[in-house]
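Given next, in structure tokens, is a single chain: the form predicted on its own.
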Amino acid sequence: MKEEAANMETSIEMKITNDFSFKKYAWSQFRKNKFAFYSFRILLFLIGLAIVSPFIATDQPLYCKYKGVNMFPAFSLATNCEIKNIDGTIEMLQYDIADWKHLAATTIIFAPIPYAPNKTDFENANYVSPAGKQFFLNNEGQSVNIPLKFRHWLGTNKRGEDVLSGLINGTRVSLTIGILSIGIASILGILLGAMAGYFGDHKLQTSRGAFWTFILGILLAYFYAFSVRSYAIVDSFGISSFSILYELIFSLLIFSIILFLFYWIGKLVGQIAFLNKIVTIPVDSIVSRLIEMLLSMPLLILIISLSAITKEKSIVNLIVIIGLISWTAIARLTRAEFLRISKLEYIQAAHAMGFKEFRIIFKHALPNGLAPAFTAIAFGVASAILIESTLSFLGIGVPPTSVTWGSLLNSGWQQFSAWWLVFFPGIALFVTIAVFNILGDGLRDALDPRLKK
């Protein structure tokens, strides 16, 4: 018996080794696809740009020496600085409202784009073109030709906001919404698709009490992890990408802890009389009906409707709405792959060795069933960015204080002669969506097992 178990374990290890070699093969195939590989590089550049955008497009200087005090406003977590004058008086310098461009500083180093995305330059309001004449108010209050370092290289909108700064910071918002919303969709799609394909309609059994306790746990976990903390998550979008990541990880941690707690409470509740009755959960039928319901409705109209009826415009609401509606393609591909994997020999061997279902699904089946989902995820990010831009263009997406490519396009629609408000955001949107689509094609070709020789 021990020898048979050892042979089964060896079979599973050989399967893992073969999968590892297939990963190397898939990477080599992906690199051979020049369009997909260069699209991957462009994506890395866009992600890097999104991460550093608060430091390369901001009206707060990177470094300033004023009255002997060294300051780093763009990098500082503080909002102000106290400066003691020679006569003993205290001067308070508020970072976000200080007039840095006219400050009599000893040394001052501005960001490459010395404008915040939502700050007005009154001297260059009313749609100044990139090649048009631009003005600057000097320390004497005279309007002169703008210095080269303060020029609006891609022009301004009606309120005098810098378009290039909006494009750079819009990269962070658009990519964040696209990646995080599809992150939610991926978790839902992979989890539901895996359970539907692996358990079918007859394998998953639990007690009545454990089932309803777990459902209650999901609702409470979402409430305390995301609804209660929605303001903290929204505020993080105005700070930095690291703040966004921290707040979302913290919310996911709260969600997981509450869900885990209710899982164990459900085991105890499931021992009570009447609630200890064993029920079979038709997972495949439930997931399939949910997919059919969502696919029967026009998704864009559904998202627009849900966004329009929300109490307030919020980036978090938009991410959650897109994520909760965009998981169907990922779930269908994962379900189909798990239907195939659940009948393979190494899964049967894991069953024969007495492994728990949880271990079989997440340690053995899931790593080998994600390839089709990766392709759907790449296409899904492009779709989510396009949906966000469409909603922002219609004025029902992100809050007015957040600048995105869609909101820039909306301002261009209000003034047809301001071609730069349509051209540059349109190019950014086109390139990003093309990158994700080409990347999805490359992943599909590289991860298709039928291409392996």
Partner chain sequence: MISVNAPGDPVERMVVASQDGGETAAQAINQLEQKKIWRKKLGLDLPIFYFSLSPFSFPDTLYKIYDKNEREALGRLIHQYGNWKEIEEYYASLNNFYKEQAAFVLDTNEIRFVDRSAILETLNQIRFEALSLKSSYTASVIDLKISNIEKLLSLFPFLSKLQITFSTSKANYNKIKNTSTVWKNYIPKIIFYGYKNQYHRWLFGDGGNYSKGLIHGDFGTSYITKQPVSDVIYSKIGWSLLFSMLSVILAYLISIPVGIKAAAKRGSRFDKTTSAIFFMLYSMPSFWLATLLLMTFANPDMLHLFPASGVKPALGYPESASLFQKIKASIPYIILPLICFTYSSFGFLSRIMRGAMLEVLEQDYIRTAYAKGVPENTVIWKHALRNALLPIITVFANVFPAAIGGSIIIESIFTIPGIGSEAVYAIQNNNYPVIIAALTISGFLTLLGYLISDILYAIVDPRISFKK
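The term rigid core refers to the most C-alpha atoms you can superpose between the two forms while keeping them within 1.5 Å. Positions refer to the first chain, counted from 1. Because the structure is a prediction, the values reported are computed rather than measured.
Note that the form predicted together with the partner chain isn't included here; everything after this is about it.
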- request: Answer for residue 234 alone: is it within 4.5 Å of the partner chain in the model of the complex, judged on heavy atom distances?
  value: yes
message: I'd like to know whether residue 374 contacts the partner chain in the model of the complex, with contact meaning heavy atoms within 4.5 angstroms.
response: no
- prompt: Heavy atoms within 4.5 Å of the partner chain in the model of the complex: does residue 40 have any?
  reply: no
field: Partner contact for residue 427 in the model of the complex: the partner chain, 4.5 angstroms, heavy atom
entry: yes
task: Could you work out which of 36, 49, 386, 62 is the residue within 4.5 angstroms of the partner chain in the model of the complex, going by heavy atoms?
output: 386
field: Answer option from 261, 339, 300, 275, heavy atom within 4.5 Å of the partner chain in the model of the complex
entry: 300
field: All of 45, 214 and 252 with a heavy atom within 4.5 Å of the partner chain in the model of the complex
entry: no
statement: Testing 63-71, 26-34, 50-58, 417-425 against the partner chain in the model of the complex with a 4.5 Å heavy atom criterion leaves exactly one stretch, namely 417-425
Residues from 389-412 in contact with the partner chain (non-hydrogen atom within 4.5 Å) in the model of the complex: 389, 390, 393, 394, 396, 409
message: Checking residue 332 here: with the core superposed, does its CA move 2 Å or more between this form and the one not shown?
response: no
- prompt: Hey, does residue 227 budge by 2 Å or more at the Cα between this form and the one not shown once the core is superposed?
  reply: yes
